[in-house]
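Here's a solo chain for you in C-alpha cells, the form predicted alone.
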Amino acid sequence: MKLISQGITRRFFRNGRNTNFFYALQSTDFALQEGAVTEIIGRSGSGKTTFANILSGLLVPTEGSLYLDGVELYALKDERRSILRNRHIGMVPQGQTGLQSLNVLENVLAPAMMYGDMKGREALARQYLEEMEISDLCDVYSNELSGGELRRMSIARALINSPEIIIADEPTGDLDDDTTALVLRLFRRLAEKGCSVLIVTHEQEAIHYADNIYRMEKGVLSEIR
C-alpha cells in the first residue's frame, strides 16, 4: 500500500513581533517505501512529530495532499478517513497513551473493536503482548503500568489490525537496550513481510535496522541514504 505526500505543509499560529504564525513543516514531497524500514531523525522541535501525525491521518496539513493508495486522505470526511486510517495504518504515538477504563488486553484490542474484524484478534493481541514480554499484564489496567510497559502496549495496539503501514514516533522511548532491540527486530520482520515501516527516533541503534534514512531540520526533510 502506497503512502505519498505532495507539497504538504503545516502552519501553526503564535503571537510574535514580526509574524503571527510559523511553519513546523515546510512543503514536503515524500513516498514511503513499501516493504522497508524508513527512519527520520532530527532534533526535538524539528517537525518530525508533526510530519508523522500528518502521515498517519491525525493532523490536517495546512497545504498539500496525502494519498493512501491513490485516495486523497484529507479530502475525505472525518469518519471515512478514520476508518481507512484504522484499517491500514498502525500508529505508535510519541506520548504514553492508554484508556484507563480498559485493561491491557482490551486496550490492545480497542482498534479492532472500533472498526476492525474481531475474528482471531484476541489470539493476535496475546501473541504481540507475548512478543513485547508483557503477556502477564493482560488483566492489569493501563494506569498501573510503567512508562516502558505503556510503550510496549501501544506497539501491540498499533499492530492489532495487521496494518500495511506502521508509523512509530519514538517507539523505543522509555525502553531499555534489550527491549529496544526486541522492538526494532519486530519492525524489521514486519517490513520483510511487506509492511511499510516509518520510525521517527533519536535512537542511534535504529540506524542498523533502516533501509532509508531522512533528516528533519527546521521543518525541511532531506534524504541521507
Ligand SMILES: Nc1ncnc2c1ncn2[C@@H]1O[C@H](COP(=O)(O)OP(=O)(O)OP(=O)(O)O)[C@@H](O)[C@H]1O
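The first residue of the shown sequence is 1; numbering continues from there. Predicted, not measured: the structure shown is a model, and the values here were computed from it.
One more form of this protein exists, namely the form predicted in complex with the named molecule; it is left out here, but the text below deals with it.
Let me know the one among 46, 180, 38, 28 whose heavy atoms come within 4.5 Å of the named molecule in the model of the complex, would you?
Here the answer is residue option 46.
Tell me the stretch among 38 to 46, 157 to 165, 190 to 198, 64 to 72 that has any heavy atom within 4.5 angstroms of the named molecule in the model of the complex.
Single hit among the candidates: 38 to 46.
Look up in the model of the complex whether residue 208 has a non-hydrogen atom within 4.5 angstroms of the named molecule, and give yes or no.
No, no contact at 4.5 Å.
With the partner left out here, check for me: in the model of the complex, does some heavy atom of residue 215 sit within 4.5 Å of the named molecule?
Close contact is absent here: in the model of the complex, residue 215 is far from the named molecule, nothing within 4.5 Å, heavy atoms only.
Mark residue 94 yes when one of its heavy atoms lies within 4.5 Å of a heavy atom of the named molecule in the model of the complex, and no otherwise.
Looking in the model of the complex, residue contacts with the named molecule include residue 94, since a heavy atom lies within 4.5 Å.
Is there a heavy atom of residue 12 lying 4.5 Å or less from a heavy atom of the named molecule in the model of the complex?
Heavy-atom contact with the named molecule at 4.5 Å: present for residue 12.
Could you list which residues of 58 to 73 come within 4.5 Å of the named molecule in the model of the complex, counting heavy atoms only?
If the 4.5 Å heavy-atom criterion is applied to the named molecule in the model of the complex, 58 to 73 yields nothing.
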